[in-house]
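We begin with a single chain expressed as structure tokens, specifically the form predicted on its own.
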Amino acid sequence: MNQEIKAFIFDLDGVITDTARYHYKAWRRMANELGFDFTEEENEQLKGVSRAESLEKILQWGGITVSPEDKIRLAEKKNQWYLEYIQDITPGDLLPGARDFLLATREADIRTALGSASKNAIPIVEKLGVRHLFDVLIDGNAAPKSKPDPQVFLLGAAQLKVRPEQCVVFEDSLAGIQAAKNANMHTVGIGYMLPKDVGDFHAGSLEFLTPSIVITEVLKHS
């Protein structure tokens, strides 16, 4: 890989903020209405996955078969509940160190992009008060293919006008890390739910990181 890092691309859920609990709450509410339940551990499989594919997984867990029309209705109902739950998100919901790391990245003249499967990513970033810290925002509307497909990250690199190998992706899911690898990008695994050996570098959060530490560590694996 090229030794020059020019851009950082960030997943949203689990890296910048934690809206996974709201997704879980909304999906679980839907499952309960259909007469079954699923666990937080199973919910981990939904990270980085599109709404349609998440619904397919959940229906399989419940042994439920519904029509294509009902799938659309259920997905829309889940999204309505989710949007209700996230109305009260504020900058206080940023994960530890997220704002400082984004600011340090800008100061280091490294380009920034958001790369999220969520179709609600942009309004969430606005509520968090950090939209201005991203040069590019790619969400599930712009990139409908779910991770581990690399579409969302490749679009981010293209809009940032950098080559994939010049990017570092920050992800908290296995699907996201694989998507970044499929895009030929460097990877930083974030969070304690992710195995430490799946990315080029691993950290519990962005809190104690600096751009120079990240670049040094990921290049050791290039």
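Please read these numbers as outputs of a predicted model, since none were measured by experiment. The first residue of the sequence shown is number 1, and the count goes up from there.
Omitted here: the form predicted in complex with a small molecule. The next part is about that form.
With the partner omitted here, the residue from L160, V188, V49, L154 that has a non-hydrogen atom within 4.5 angstroms of the small molecule in the model of the complex is V49. Of the listed positions (K77, K119, R99, R106), a single one reaches within 4.5 angstroms of the small molecule by any non-hydrogen atom in the model of the complex, namely K119.
Comment: 77 to 85 is the region of 77 to 85, 91 to 99, 127 to 135, 106 to 114 lying near the small molecule in the model of the complex, near meaning a non-hydrogen atom within 4.5 Å.
At the 4.5 Å threshold, heavy atoms of D200 stay clear of the small molecule in the model of the complex, well away from it.
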